[in-house]
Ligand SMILES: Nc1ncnc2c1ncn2[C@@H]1O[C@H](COP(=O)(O)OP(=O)(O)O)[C@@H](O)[C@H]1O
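We begin with a single chain expressed as structure tokens, specifically the form predicted alone.
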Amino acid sequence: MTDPRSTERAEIAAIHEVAKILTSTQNLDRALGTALRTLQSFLGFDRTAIFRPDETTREIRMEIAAGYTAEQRERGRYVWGEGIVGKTMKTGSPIALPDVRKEPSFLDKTRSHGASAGEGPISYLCVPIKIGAETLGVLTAERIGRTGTQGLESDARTLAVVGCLIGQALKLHKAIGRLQDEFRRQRQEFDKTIRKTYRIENIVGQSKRMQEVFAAVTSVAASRATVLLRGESGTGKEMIARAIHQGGARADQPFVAVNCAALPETLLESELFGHKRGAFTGAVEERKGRFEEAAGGTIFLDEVGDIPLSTQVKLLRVLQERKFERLGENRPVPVDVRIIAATNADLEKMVAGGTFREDLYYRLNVIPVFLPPLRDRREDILPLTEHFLERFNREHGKSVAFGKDALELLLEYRWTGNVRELENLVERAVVMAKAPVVQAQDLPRAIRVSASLPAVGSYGQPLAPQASVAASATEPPHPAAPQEGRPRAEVLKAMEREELQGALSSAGWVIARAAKILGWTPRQVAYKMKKHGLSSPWKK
């Protein structure tokens, strides 16, 4: 006689093991097959199976099985309400039979029960796989030679619990499938948007200088030649790099951007080339580098002038041989990737000073493309402003425009931060606007003051006089208005300090909030606070 406590322990152990199996992998079919074999091992079942309806024909098929041959499994097909499996699927109720061969509704479609006639009764259990009131499938199990109903009831309870676990796994798998399908759909939409956005004809630029840039991009896009983009920060080097990628044969392959200035020297080499497990402290697993991620496509190395000399040697090898070695590994890894580099540094001066390798410079400088600063293409300021207005009005659900006097100030300003500074200003104007039209007095003080100061050349000589913009009658006199004979730099510094202090005060001296108000980065705010000797009054 079997010890009831031993049977109960086996049932609990089986349920626990099945639960672990179903939550340990995303390969559902493999997990279900292992779960069925676990039921056989722990509870002594001779055959187990999972039936699920076909979503198109609704035919109920034996999908996963243990103890059946491939031919028997293929024959296990039912319609709704047909046989024991069909009835359980239709009613959602379990069926337990002490000897299935004595049941008139049992059809033995698998033809697997005739050879067992001399082996005693075949107990058969059929339980629904359910989530709430919905029946997702059927779980069956049979044991040859067990008599009585006490063990049958215990088996039925155990299988009912297992059926619920399988139901949860099926539901989760279906949800993951929907999420993956949605991710693929969104990725395809994103790729279409990227291709449309970064087509060269969609980049705003009517000036002669930008038309020359566009012509160069069109010429180099079809080749695999290395391109070096030169220009000040904020001139749109990454956008041009993406346009080159999208205009070539690699458009369907990855575009991987790396800001070399944003990574410390100790991490840059691992980021670019990857590492083997144990290559350094913290390298707990193997990791692909950006070059491997960009295989077949394009890698964009922004701020390439900030790459340390030790890493420049490896980068040179990639350019020469199209091979590299992961950190902690001596095996060369071949890579097919196009390299586009960008910098705002004077590489020629760095080469002369020994901080940038001359051979690497010539390898990168195959096709140089120079991006002009915004102050040298003022005819693009208004089209860019209109483009950013349309975008931010759509994003923030507004309908804001710039007044004529405000546009004149935008045309006169020098835009040391180039297109990025203009973009930040337009977004700030849209977000902060209290009226449909942004006037001159609504612009940052630095822009208003720069228009009232005489322009100077590189060596401080006065340029042609510019018309000053009259202040609004409703605006109080500016406390830091330029005084006669007062240096321009001093006036601008005072204005910057006052604007920074006002934004910090409005933001409760929270740097991130102040940065959003000013259209700067938190790092810029922290730097300028130090520069102007400003600190939070809440800090002792």
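Note that residue numbering follows the sequence shown and begins at 1. Computed from a prediction, not measured in an experiment: that's the story for all the values here.
Keep in mind the form predicted together with this ligand is missing from the figure; the text below concerns it.
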From 294, 125, 369, 384: within 4.5 Å of this ligand in the predicted complex by heavy atoms is 384
Note which of 96, 407, 203, 327 lies within 4.5 Å of this ligand in the predicted complex, where distance is taken over heavy atoms; exactly one does.
203
Given that the partner is absent here, does residue 273 sit within 4.5 Å of this ligand in the predicted complex, heavy atoms only?
no
Taking the shortest heavy atom distance, is residue 419 within 4.5 Å of this ligand in the predicted complex?
yes
Indicate whether residue 238 is a 4.5 Å heavy atom neighbour of this ligand in the predicted complex.
yes
If you check in the predicted complex, is residue 232 within 4.5 Å of this ligand, heavy atoms only?
yes
Could you tell me which of 346-354, 218-226, 420-428, 256-264 sits within 4.5 Å of this ligand in the predicted complex, going by non-hydrogen atoms?
420-428
Which residues within 43-68 place at least one heavy atom within 4.5 Å of this ligand in the predicted complex?
none
Over in the other structure, so in the predicted complex, do residue 519 and residue 421 pull closer or drift farther apart at the C-alpha level? The difference is 3 angstroms or more.
closer
